[in-house]
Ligand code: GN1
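Only one chain is shown below, in structure tokens, and it's the form predicted alone.
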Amino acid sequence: MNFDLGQIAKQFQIYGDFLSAEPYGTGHINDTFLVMFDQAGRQVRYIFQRINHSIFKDPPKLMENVIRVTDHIRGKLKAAGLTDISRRVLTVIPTHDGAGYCGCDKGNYWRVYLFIEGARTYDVLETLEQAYQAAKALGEFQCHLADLPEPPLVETIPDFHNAQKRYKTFLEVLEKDSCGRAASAKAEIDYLNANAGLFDVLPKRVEAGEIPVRTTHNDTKINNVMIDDETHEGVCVIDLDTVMPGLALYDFGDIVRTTASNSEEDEKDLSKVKAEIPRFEVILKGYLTGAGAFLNQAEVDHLVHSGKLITMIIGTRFLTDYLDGDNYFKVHRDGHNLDRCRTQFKLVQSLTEQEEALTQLVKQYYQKIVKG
């Protein structure tokens, strides 16, 4: 798509002369651009994003969420006496009428953020320290939002982590088998059906009042944390479109899913897919350092389970899409979604096989970091 970003920029409180714009980042949902302005002889960069309103059905409400969250975190950082706040939380640039977005050109919705200089994201971990810093930043993010005032944020994607609903959809697609692919995925179908009990554990704890619904990020991939170029600290959590009510365990589980194994998400050689205990250990240490103070005992007791759960949910989604003809996830080869599913299920198996050792690590570090 071609967008006149110079004209779009005129809607926002940005001063100076428009210089250039280029696509930026590796995200697959929104269209993101790095835009340069000359402000009194100094070049200043901004992030422009077109919100994908096919995925996010109500961009105005989404931006209300983003502004509430960033304002609340900014207040926490000020109270803590920090001075580099504009690098530690996203800054939404308002339009000339004070809104956090503009609706323009053919029904599109645009927003603008300050560009955070001197930090970057990593699609692939280069060091275990990066895993620690990312997990710590995401834990702190949850901690900052633990006292976000009512009302609850809007659900930007309803039932995003509703495992029981995902499984029901899988069963419906399997029964139809409209693409005739069920036979080629028999082992994966059998594995999912045999392990579907994973999906019932947390809902029962929530219903019993043991695990609270909190304000959570819900998409805690490593590349949603910006790492400082010099200090290597995790400085800013980004991609706030899915920040909404959820379980803290969903966020930790997704960190485990995307970080505990050194393999690619679509690795065909399943012998390479394994949850590595040193990786889990640094994730756990970072997360508990950031979030441990507000977690209750039931949440701590289910940290290992959360890694299995979120990985199983994603595997279920890949398998469902494979059976349904690859309509949701982009594929680049025949059987791509089935390969992705197999990788997720192998990681679940690896986490299960090492569950006792991982649980002992949770007990050890919770006592050491949180209880002291």
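When you see a residue number, it is the position in the sequence shown, counting from 1. Whichever C-alpha set is largest while still superposing within 1.5 Å between the two forms counts as the rigid core. Fair warning: this is a prediction, and the values are worked out from it, not measured in the lab.
The next section is about a form of this same protein that is not shown, the form predicted together with the ligand.
Enquirer: Is E276 close to the ligand in the predicted complex, meaning a heavy atom pair under 4.5 Å apart or at it?
Expert: E276 lies outside the contact set for the ligand.
Enquirer: With a cut-off of 4.5 Å between heavy atoms, is F37 one of the residues that contacts the ligand in the predicted complex?
Expert: So F37 does not count as contacting the ligand.
Enquirer: Just checking whether H53 would be counted as a contact of the ligand in the predicted complex - the rule being heavy atoms within 4.5 angstroms.
Expert: Although the ligand is absent here, H53 would stay clear of it in the predicted complex, with no heavy atoms inside 4.5 Å.
Enquirer: Taking heavy atoms only, is D219 within 4.5 angstroms of the ligand in the predicted complex?
Expert: Contact with the ligand, yes.
Enquirer: Tell me, which of R317, K61, R68, H336 has a heavy atom within 4.5 angstroms of the ligand in the predicted complex?
Expert: Checked against the cut-off, the match is R317.
Enquirer: Exactly one residue in D239, E188, E281, D251 has a non-hydrogen atom within 4.5 Å of the ligand in the predicted complex; which is it?
Expert: For this set of options, the contacting one is D239.
Enquirer: Report the stretch among 193-201, 292-300, 155-163, 137-145 that approaches the ligand in the predicted complex to within 4.5 Å, counting heavy atoms only.
Expert: After filtering at 4.5 Å, what remains is 155-163.
Enquirer: With the partner left out here, if you bring back the ligand in the predicted complex, are R257, E265 and Y328 all within 4.5 Å of it by some heavy atom?
Expert: Heavy-atom distance to the ligand in the predicted complex: all three under 4.5 Å.
Enquirer: Take the rigid core as the frame of reference and indicate whether the C-alpha of E233 shifts by 2 Å or more between this form and the one not shown.
Expert: No; that C-alpha moves by less than 2 Å between this form and the one not shown.
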